[in-house]
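Quick setup: one chain, the form predicted alone, written in C-alpha cells, and binding and motion questions come after.
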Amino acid sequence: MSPTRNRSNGIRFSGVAILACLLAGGLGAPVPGAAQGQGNDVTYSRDIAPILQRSCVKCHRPNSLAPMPLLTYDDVRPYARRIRERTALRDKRGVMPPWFIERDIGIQHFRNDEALSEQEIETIAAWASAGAPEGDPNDLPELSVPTSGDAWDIGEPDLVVDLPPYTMEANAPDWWGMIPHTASGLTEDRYVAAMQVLEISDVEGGAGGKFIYHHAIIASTDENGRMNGNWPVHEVGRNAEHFDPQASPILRAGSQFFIPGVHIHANEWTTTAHLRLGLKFHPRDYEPTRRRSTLTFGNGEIDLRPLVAGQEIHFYQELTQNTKLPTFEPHMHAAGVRMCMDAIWAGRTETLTCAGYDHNWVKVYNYDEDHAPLLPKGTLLHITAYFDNTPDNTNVVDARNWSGLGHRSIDNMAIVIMPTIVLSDEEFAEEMATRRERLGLAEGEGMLGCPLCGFIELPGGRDR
C-alpha cells in the first residue's frame, strides 16, 4: 500500500478513508452560490442523489470504509466543492469514485466499470457551482443500497469465510509472514463466479486509511493440507474479481483457505484486522468450457531518479498460444501513476488499455465478454509503466530519494497480473466467429483487441 507523510511516524497508509477524508477539505467552507446559469435547475434531490447512490454510498455510509456518510442532503452539502473537484479528476490519482481507465484510448467496455459518465461529472460540477441546491425532497429516489453491513460489490455472497486476525502494533516495521488455515465449511464442490475480499478492522471512524494489509496471497488446500486452488491476490483498495463465465475456478468441498504470503504495514494505531472472503457461486449445473490460466510478468530493472516525473519502465511478453485476456490488473507502488498495454502482431501495434494508477486503490479491470482482447499466438504484449518521483506525487514519502525494485511500499514495482484463457486453434476460431456474429461485424471489419476478427478465413488457411 502506498505511504504518505504523517507527523507521528513519517509513514502511514493513505487508503480509502484518507482519500475520502480529502473530500472533507471543504468542511465548513460554503460553496459559492454566485455561479448561476446552467446549474440553476440541477438539484440534489432529483439529480445528485441518484449518482451518489450508485457510485458512492457503498463506502460512504455508517460503519463502512469512508469516515463520513453521504446518505442525505445534510451529509453531502458540506462536501459539495470537494466532490466536484474529485470527480473532475477523471482517470487521475485521487479521483472519486476510484476508477482510472483513460476514456480517450483503448478498449472502453468493462463488466465492472465504476466510473462516472461525462454527463454525471458535468451535472455535479453545475450543481456545486450553483450553490448545491437541495430541491424538492419529494424528488429523492428510494434508497436502493444497504446502509449497514459489509459493502459487497458482488451482491450478497453465497459463502463468507473469515480468516484469522493479526494485530499490528502502532508504527511497527513491516511484517511478512503467513496467516494459518481456516475451514471454508463448504460441503460440495462449487464453481465460483466472483470473489471479493474485505479488510475488517477494529479501528474507529472508517477502516480506510488505517488498513494494515498491503497484500495477501490467498490459496486453498484440501483437508489434508494439499494445495487445491490459487485465488486473486488481495491488495489495498482492490475491487471484486469477476471470473470469466467460460472458465471460472472451482472450490472443492472441505477446502481450507490460508495466506501463504502476506505483507502487513503499520499505521499510527495498534490495529487488529482480518480478511473476510466473499464468494458468489455459479448455478450447480454450471460447467466451464475453457481452460483458465494466469499471466504475470514485469520488469525488475527499476531505476527511478529523484525529483523527476515522466519516468518510464518498459517490459514485454510473447504469447506462445492463442489467448483471451479477460482482465487487466496493473501493479506498481507509491511512485506509479499510469500503465498502458499494447499488442503487437504482424507489424501492427494497438493500444489495448491505458489506466491511471494510485497505489491507494489497486484496481482490477474486467473486460466485457465481447471486448476482451482475443490475441493470436505470437502476439507481443508491450507494457509501459509511468512513474512520478516528485513532490507532486503525494504518495511518495520523500521524492529526493532514488528508488528501485523492492517489496516495501516505499520501494517500487512494475508488474501486470492477468488471468488468461488459453485457446486451441479451433477454440480461437470459434471465439472470433461468435464475436463476429454477436457484434454484427462484416467481412474485413476488425475491432480493437482482435486483429483477426475481420477474417472469414484465417491466415494459414484455417477456416473460422
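Quantities reported herein were computed from a predicted structural model and do not represent experimental measurements. Residues carry their position along the shown sequence, with the first being 1.
Form predicted in complex with a small molecule: not shown, discussed below.
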Q. Are all three residues Arg292, Thr323 and Phe328 in contact with the small molecule in the predicted complex, where contact means a non-hydrogen atom within 4.5 Å?
A. no
The one option of Ile417, Val42, Leu70, Met413 with any heavy atom within 4.5 Å of the small molecule in the predicted complex is Leu70
Contact with the small molecule in the predicted complex, heavy atom within 4.5 Å, among Cys56, Ile421, Val396, Ala49 goes to Cys56
With a 4.5 Å heavy atom cut-off to the small molecule in the predicted complex, the contacting stretch among 163 to 171, 93 to 101, 179 to 187, 268 to 276 is 93 to 101
**Asked** Applying a 4.5 Å heavy atom distance criterion, does Asn389 contact the small molecule in the predicted complex?
**Response** no
**Prompt:** Would Leu65 count as a contact of the small molecule in the predicted complex, using a 4.5 angstroms cut-off between non-hydrogen atoms?
**Reply:** yes
Non-hydrogen atom contact Thr87 with the small molecule in the predicted complex at 4.5 angstroms
yes
- Query: Is the gap between Leu116 and the small molecule in the predicted complex 4.5 Å or less for some heavy atom pair?
  - Reply: yes
